[in-house]
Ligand SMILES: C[S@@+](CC[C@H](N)C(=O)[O-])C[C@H]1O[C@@H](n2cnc3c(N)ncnc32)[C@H](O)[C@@H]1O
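Starting off, we have a lone chain in the form predicted on its own, written out as structure tokens.
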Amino acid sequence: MNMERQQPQIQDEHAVRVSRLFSGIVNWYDFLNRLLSLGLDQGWRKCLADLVFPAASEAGGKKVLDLAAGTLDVALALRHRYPGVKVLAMDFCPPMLVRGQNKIVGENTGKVLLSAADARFLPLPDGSVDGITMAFGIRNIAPRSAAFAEMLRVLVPGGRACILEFGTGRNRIWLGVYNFYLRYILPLIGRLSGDPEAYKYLARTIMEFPDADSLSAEMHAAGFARVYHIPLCSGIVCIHLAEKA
């Protein structure tokens, strides 16, 4: 097993810009997630958590890495679904984790561990986590192949990576209503955050994101076995699942 990797400083322009963008909307993040998803985002995260292990009884004492952990909604969904797990919540935007840490109360205290980290350079040994989740984060990483390689490295054999992400805006969904929403409504509502550019960026990344089959091919190329996806809400979002051989 390799020793822990030293976390390099984020230096590339894209990563710095994305980190600053999320830092700028952190106070509005949870509210706008609920508003922009019409309240569906919490259910999507619950579905993500449900797929990490085949049964809650198998999860006792295991560790789950939640990447792009944000304000910890997925981390807490994991703890609710699998009370015996410990969650390592990592995000490369520290203000997001700070915003979410007041949600860690009661039996979750000491069971959700926070760390600022770049998904492309995880400060973890090989084969050190039993499952991985990521919600609405893979779009913001470039190159995605670096994050997939790190996920594969830190997973135990047989472990599962579960990624929740918007479907591509290139496909017409609900007769184009979804596409209209992305282009016009999402940026308009995003002005509530005080940073309309952030939600223009969000809409653009969804529009440009590859379709589910293409993302599966990327994960296969990274070395994952048994890659598949589950569409939710007619493909507005998908859960991508990939297992380490």
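Quick note: we count residues from 1 along the sequence shown, nothing fancier. What you see is a predicted model; the values in this text were computed from it and never measured.
What comes next is about the form predicted in complex with this ligand, which does not appear here.
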This ligand in the predicted complex: contacted by all of 53, 129 and 148, heavy atom 4.5 Å:
no
Tell me the stretch among 153-161, 106-114, 77-85, 135-143 that has any heavy atom within 4.5 angstroms of this ligand in the predicted complex.
135-143
Using heavy atoms only and a 4.5 Å cut-off, determine which of 49, 64, 219, 68 is in contact with this ligand in the predicted complex.
68
Evaluate residue 37 for contact with this ligand in the predicted complex, applying a 4.5 angstroms cut-off between non-hydrogen atoms, and reply yes or no.
no
Partner proximity in the predicted complex: residue 33 to this ligand, non-hydrogen atom cutoff 4.5 Å:
yes
If we define contact as a non-hydrogen atom of the residue within 4.5 angstroms of the partner, is residue 29 a contact of this ligand in the predicted complex?
yes
Wondering, does residue 119 line up within 4.5 Å of this ligand in the predicted complex on heavy atoms?
yes
Mind listing which residues of 83-97 have a heavy atom within 4.5 Å of this ligand in the predicted complex?
91, 92, 93, 96
